[in-house]
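Read the single chain below, which is given as C-alpha cells and is the form predicted alone.
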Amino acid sequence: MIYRRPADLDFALADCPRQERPGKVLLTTPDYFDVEYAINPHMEDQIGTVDKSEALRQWQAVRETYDALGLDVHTADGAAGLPDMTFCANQTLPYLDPQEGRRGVVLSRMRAEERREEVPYFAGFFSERGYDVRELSDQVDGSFEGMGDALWHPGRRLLWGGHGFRTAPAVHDALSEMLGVPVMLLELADEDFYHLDTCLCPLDEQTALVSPGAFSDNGNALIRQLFDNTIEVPAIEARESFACNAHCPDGEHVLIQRGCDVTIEQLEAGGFTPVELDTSEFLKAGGSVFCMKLMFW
C-alpha cells in the first residue's frame, strides 16, 4: 500500500473511504521558544535572535484565529529546555479508527537528539484524555516526525508521506500497515524543505498548495494525479516565507504567513479565503502556521 509514482496506483481517490476532518486543534505555548541550535538550514545564523515577546503575540494571534473559526482549541504548556516544542505538529500522528471509532496517536521518533524529549509530553497529553497512544515497533528502523512528514488527505483515509531528511521510508510502510491506509510516498529533494509540510499543503479533497522544486518528477506527477487542482507556489515564497506551511482547517479559510502575495492571489482566485498571520519569529526556526498546531479528532 505504498505508492511512489502514478503508474503504481491501482485505485482512484474516490475508492478511499471518507474520513471526517478533525475538529480539535492543539497549540503549545511558546514560553521557552527560541533558536538555540541549528537542525535545519533556516536556523543557521538565527541563534539568539528570537524576540520572545513578539513570538508570544504572534502565537496568541494564531490561537485567536482558530478560536474565531470555531475550532475546539486546546493548549499545552511548553517545557524548559525544549525550545522547539511549540512546533507541535511533529511529535505525533493523530488518527481515527473507522472500525471502532477509537481515536489515537502514533508517537514520533525525532531525528534530532535536541527534540526527542518533547515526545513524552504529548504522549501524556493524549493518554490522559483517553486516546490510544501507539509506538512504532522496535523492528522498524529510522526516525519519524509525525505530521511534519505524514499528512492526511482532506476527507479521505489516505496519507501523504515525506522522506529524505527526517523520516525513513520504512516508517511509512509500518504506518500503512498499522493504520490500514495507502501512503503516497514523496521523496524530498531540497534540504530547505526538510519536512513534507513545508512544501505540500492539502487544502481540500481536490486542491493543494505545492512547491514543485521540492519533489522529484515522480513526486510531482503523483501529487497532480490525486489532486485535481495544484496551486504552484513561487519558489521565493515557499522557501523564505513558508507559504506551503499554511493550514486550511475547514476547506475554506487558509491561514498563511503574511506577505505571500502571489500565493494569496492564487488562493483567492481558487475560491479560498486567505487569513494572513505574522509568524516571522517562528520562521527563524523553520516553521510557520502548520508546524505550530496539531489537528486531532
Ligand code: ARG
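Just count from 1 along the sequence shown to find any residue number. Worth saying up front: this structure is predicted, and the values here are computed from it rather than measured.
Beyond the structure shown, there is the form predicted in complex with this ligand, which is absent from this document and is the topic of what follows.
Within 4.5 Å of this ligand in the predicted bound form, a heavy atom is found for none of Y32, R116 and Y121. Contact check for M43: a heavy atom falls within 4.5 Å of this ligand in the predicted bound form. In the predicted bound form, at least one heavy atom of G148 sits within 4.5 Å of a heavy atom of this ligand. Using a 4.5 angstroms limit between non-hydrogen atoms, R166 touches this ligand in the predicted bound form.
Among heavy atoms of T28, none comes within 4.5 Å of this ligand in the predicted bound form. For the candidate set Y95, F227, F125, Y194, a heavy atom within 4.5 Å of this ligand in the predicted bound form is found for exactly one residue, namely Y194.
With this ligand omitted here, the record of contacts in the predicted bound form names 195-203 of 131-139, 218-226, 195-203, 156-164, defined by a heavy atom within 4.5 Å. Residues from 273-297 that approach this ligand in the predicted bound form with a non-hydrogen atom closer than or equal to 4.5 Å are A285, G286, G287, C291, in the order they occur in the chain.
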